[in-house]
Structure formats: C-alpha cells, structure tokens
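What follows is a single chain, given as structure tokens, in the form predicted on its own.
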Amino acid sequence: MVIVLNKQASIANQFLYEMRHKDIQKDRAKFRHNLKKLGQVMAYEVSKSLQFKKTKVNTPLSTTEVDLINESPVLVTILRASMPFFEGFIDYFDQADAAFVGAYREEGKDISVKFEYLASPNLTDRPLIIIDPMLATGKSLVTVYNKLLEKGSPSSIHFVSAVAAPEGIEYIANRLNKKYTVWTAALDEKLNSMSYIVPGLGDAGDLCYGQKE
C-alpha cells in the first residue's frame, strides 16, 4: 500500500513547498527544521495505522480510558540525510527504540548501495519504521530492510519518505513479498538519467549539512 500525504491539503504542503523552493532551501537551518516538522506530521499519520490498547488512567477527579500504542515501534534512520526527518519521528514516538544504519549509494552506470554500519535492537514482533527522505531507486531501502531482518521479523513494515519516485516504489514492490506500507509526502514524476527525483528538491543530505566530496 502507498499513502501519499499531499493528495489532501494540509500544513505539510507548506513545509514541502519551502524544502523544494530553490531559494528558500538555501537556508540550511530552515531546510533541516522543515524536514523535522514534516517528520512530525508523518509520524502522526503513521501512528494511526499501529495497534492500540485501552488503558485506564486516574485523573484528579475520576478514572477514564485512553488508547495507547500496544507495541512501541523501532525507528530506523539511514545516515546522514535522514537525521532531521528522524528527529521529527522520535519527537512523537519519544519512547521508541532506534536503529542506525550507514548506507549510501555509489554512483556509476548502475547505481549500487554500499552498506557499512548497523546498530539495531531486536525487531521481533515490533512495528518497523524505516525513515529516509528521498525514495529514489528504492535500492537503499531494500538493502537496509534485508539487513535489518538479521535482527528479527517485525510485525509490520513502514517505509517513510518526504519525496518518492514511481521507479523506487516499483522496485520495492518487485523485491518484497511481505505486506508493507510506503508513506510519502509527495509522489513525484520520475527519475532522471542520474537517478535523481524530478521535480524533487535536490540532494537532501547536502541541503541539510553541506556538500560532500
């Protein structure tokens, strides 16, 4: 299942607009802050799909029931571009466990993914939320997901991006035979010849932290 946030009007469109705008995005601090705020909005949306349980709470005057998340999720961030996006999620899922992944794509005729680092809790029967702002080819997400399976089989799988390309969504669909949900703020037109999302917003990592060599 693919859920696209900007199919409905919401304040999230303002954050995405400023992240895309070629002049506004030059303000590095603002870009990071908008990515974090978008993460908060998307964390709220993803939370609606999780399992909840009735829990009693004693107020100063009486007792009532609230719905609380039944099993705290594991939030996965792919270093480095994902960090502000991840911060938005962990602001809302503030008791969640976190996993950290070092993976990046190697440029060339055929895009490949270099995997270097993984620190993760046990994932068995836990909701898994993999957070990466740009879902371009989909190769990074599939590589990371397959590595994470070494830590256990999650109860549900969620891939979250700010901007996605149809090619990336198709790549995931062709390689995962388990039920999952893709959440994206925007589903863009295509990938260009360099496998960058069009219209996209540029390199999210560079916009957050400066150009890399």
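Nothing here was measured: the structure is a model prediction, and the numbers come from that model. In case it trips you up, residue 1 is the first one in the sequence shown, and so on.
What comes next is about the form predicted in complex with a small molecule, which is not displayed.
Among 112 to 120, 68 to 76, 93 to 101, 130 to 138, mark the stretch whose residues have heavy atoms within 4.5 Å of the small molecule in the predicted bound form. Of the options, only 130 to 138 has residues within 4.5 Å of the partner.
I'd like to check something about residue 195: if you look in the predicted bound form, is any of its heavy atoms closer than or equal to 4.5 Å to a heavy atom of the small molecule? Although the small molecule is absent here, residue 195 would touch it in the predicted bound form, with heavy atoms inside 4.5 Å.
Counting only non-hydrogen atoms and a 4.5 angstroms cut-off, does residue 19 reach the small molecule in the predicted bound form? Residue-level check for residue 19: no, no contact with the small molecule.
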